[in-house]
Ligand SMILES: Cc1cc2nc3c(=O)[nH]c(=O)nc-3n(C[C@H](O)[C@H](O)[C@H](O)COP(=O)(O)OP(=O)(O)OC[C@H]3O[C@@H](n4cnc5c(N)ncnc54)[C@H](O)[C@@H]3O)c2cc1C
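Just the one chain here, laid out as structure tokens, in the form predicted alone.
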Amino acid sequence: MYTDADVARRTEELVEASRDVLGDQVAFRGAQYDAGLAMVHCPEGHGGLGGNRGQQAIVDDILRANGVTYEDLRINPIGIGMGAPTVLAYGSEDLKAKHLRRIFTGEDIWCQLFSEPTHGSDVAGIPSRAVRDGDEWVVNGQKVWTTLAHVADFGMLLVRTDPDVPKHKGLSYFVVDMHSPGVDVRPLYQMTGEAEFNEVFLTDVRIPDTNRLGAAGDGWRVATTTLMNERVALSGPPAPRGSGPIAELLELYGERAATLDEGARAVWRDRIAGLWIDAEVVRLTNVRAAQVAMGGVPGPEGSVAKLATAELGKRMNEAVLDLSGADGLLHEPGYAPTRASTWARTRSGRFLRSRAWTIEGGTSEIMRNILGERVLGLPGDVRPDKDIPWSQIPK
């Protein structure tokens, strides 16, 4: 078992041995993976040292102190935040060897193919089908709201493989090569002007059975692992107190306070104080969720953190836009099929984008259901189709 001191020493040695590639994220992150410092809690040989998740913070702090660019959520957000944990938990040794390193380095970008036009929150009811044909599965269907599908190399695909059992029991989970024949990705333009989401059409797409994660028919359990990790990733890493959107709001108030009358200043001080308190509560919630996740597969705490982060982000951006006045409506024109467009650097763009936070990765309504049922122990929603074979559910 590696101690914290061992991890710190190995990280310092990695930085010293990799001085010539510190500015090359792919090369450096490859060396980091090989040294077992990519995901310290993972087994040796798979980017880790068999340690605990808390030791990853030691690595991250040392890398940042040495000026290493370290932005997981920009390099490969879905791959690192959701794909890697799922492959690690359910993938064969061949799949782990093929994908984990390239996920971490960002050489292979990943996307998540769950939601469909007729089934968003009720993912278990999806109609897209995969039919076994020898050592392959033939997939037909349509996915929607697939983030980064237009740049993805691989996707996490959930499809129905047995329509004659209840909906949760007839799903299977695959890794699909997004460059396969029959995969058609089409952009969905948002009100922000960006096109980071897509619809994906799957027509007679052939996937080797070796690309299956978990047993056939056990896709819902595998998907739950992905979703739990997604909600922890979307809530973001614990941030320093007073940082992020609340810092922007405080800075903006400092600039605008002199232009407000005494009554308006009093109202804004009260509003900002309330948002600061809420931001600190959310920050501590994210810290707690991250600590729980260190023990293994994330639990409902990640859903609670995701709900709180999304709803607060929406209110925070509303306040920024209100305080900005007409200046808050300014933006740069044009469409950009990327998550890092000029819109992300404008107040109006961040305001519009914040609306999606309460939808993507599970709606706020679904998060409240999880909070009520799994944390508070309240009775669950009525689910009349839970035990009915999917093929017999009225469509």
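Just count from 1 along the sequence shown to find any residue number. This is a predicted model, so every value here is computed, not measured.
This next part talks about the form predicted together with the ligand, which is not shown.
Shown alone here, residue 115 lies within 4.5 Å of the ligand in the model of the complex, counting heavy atoms only. Residue contact check for residue 366: one or more of its heavy atoms lie within 4.5 Å of the ligand in the model of the complex. The closest non-hydrogen atom of residue 147 lies within 4.5 Å of the ligand in the model of the complex. Among heavy atoms of residue 356, some come within 4.5 Å of the ligand in the model of the complex. Proximity to the ligand in the model of the complex, taken as a non-hydrogen atom within 4.5 angstroms, holds for one residue of 152, 205, 320, 78, which is 78. When you look in the model of the complex, the only residue of 34, 360, 61, 327 with a non-hydrogen atom within 4.5 Å of the ligand is 360. Heavy atoms within 4.5 Å of the ligand in the model of the complex belong, among the stretches 247-255, 172-180, 106-114, 278-286, to residues of 106-114. Against the ligand in the model of the complex, the set 120, 197 and 381 is in full contact: each member has a heavy atom within 4.5 Å.
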